[in-house]
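Starting off, we have a lone chain in the form predicted on its own, written out as structure tokens.
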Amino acid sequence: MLPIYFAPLEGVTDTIFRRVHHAHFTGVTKYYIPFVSPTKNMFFTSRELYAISPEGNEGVPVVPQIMAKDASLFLWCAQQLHDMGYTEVNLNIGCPSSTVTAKGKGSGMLRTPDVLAAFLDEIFGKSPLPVSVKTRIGYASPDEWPRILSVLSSYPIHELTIHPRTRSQMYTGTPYRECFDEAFNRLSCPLVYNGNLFTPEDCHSLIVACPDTAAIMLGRGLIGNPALAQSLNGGENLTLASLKRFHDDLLEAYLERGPENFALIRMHAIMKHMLSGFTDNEKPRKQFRKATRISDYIEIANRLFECHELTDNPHFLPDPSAIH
């Protein structure tokens, strides 16, 4: 099986999630830390320091990710990460969030390929660490991809992760697999595929279709089925018992870390993905949405694990109303 990377999902795959997941399941080669976004003041917030702290990530194979449009800020951040002992840094030019793109960051950088090229000139000329990149195929249209590929082909990218959707698609619609295929003809760096890999069948199909793929990156699929990487590598499939142990340890860790509302927000975000793997999940889904206290959440979760079973192939399912 190819190396499997855990995608960075802000608000979900935080330090606690990564640490607890790594303790419960095998199969993930790298966990990407959701981005830090350096400002002109050149200091990390307490939240960012907690996320990138080598002590907090001890024993977990992590790669920090930077979101920046100013090369000097990227380089400052890369130097700090180098001094912490990291051996790779990831540049995010794929985030589709409107609050990010409005600032010209993330996939907002794809709108101006010449500006992107000037930025890459500087960071690849001076970065103290190898730079991997995570990108989309365009801002508004896949027709932008050939120009973006032309820019990317000029740099010694450590690895390029491609989510073959445009920023406009967000996480809806069908990925443009042909754009991923096109990259093999234009780039010499290792290519990593990310996007709509929710089941073992999805992953095997991608590998058969694109045998030169260097690794696959799983995001929502690994939250919906946290044993997906493990089972792809020949380990135990997800069971109701293993999922409950993981869930309960996550909840306990979040309650130890912060106030109950913090734990509730985090567990809501995680359970939204996990529920797809349960039979007859519509009623508990509605109940979870209404839970505004952690005691309510715990009661509903206990009932879910006691009264429901996993499907034969538990996996994340996107909201049908979001598919077009």
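None of the values given here were measured: they were computed from a predicted structure. Residue indices: 1-based, along the sequence shown.
Just so you know, the form predicted in complex with a small molecule exists too; it's not on screen, but the next bit is about it.
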**Q.** Interface segment, criterion being heavy atoms within 4.5 Å of the small molecule in the model of the complex, picked from 248-256, 233-241, 195-203, 107-115
**A.** 195-203
Q. Honest question, do 65, 92 and 218 all end up within 4.5 Å of the small molecule in the model of the complex by heavy atom distance?
A. yes
(Q) Can you tell me if residue 124 lies within 4.5 angstroms of the small molecule in the model of the complex, counting non-hydrogen atoms only? (A) no
Q.
Check residue 300 for me: does it contact the small molecule in the model of the complex (non-hydrogen atoms, 4.5 angstroms)?
A. no
Q. Is residue 34 close enough to the small molecule in the model of the complex to count, meaning some heavy atom within 4.5 Å?
A. yes
**Q.** in the model of the complex, residue 171 touching the small molecule (heavy atom, 4.5 Å)
**A.** yes
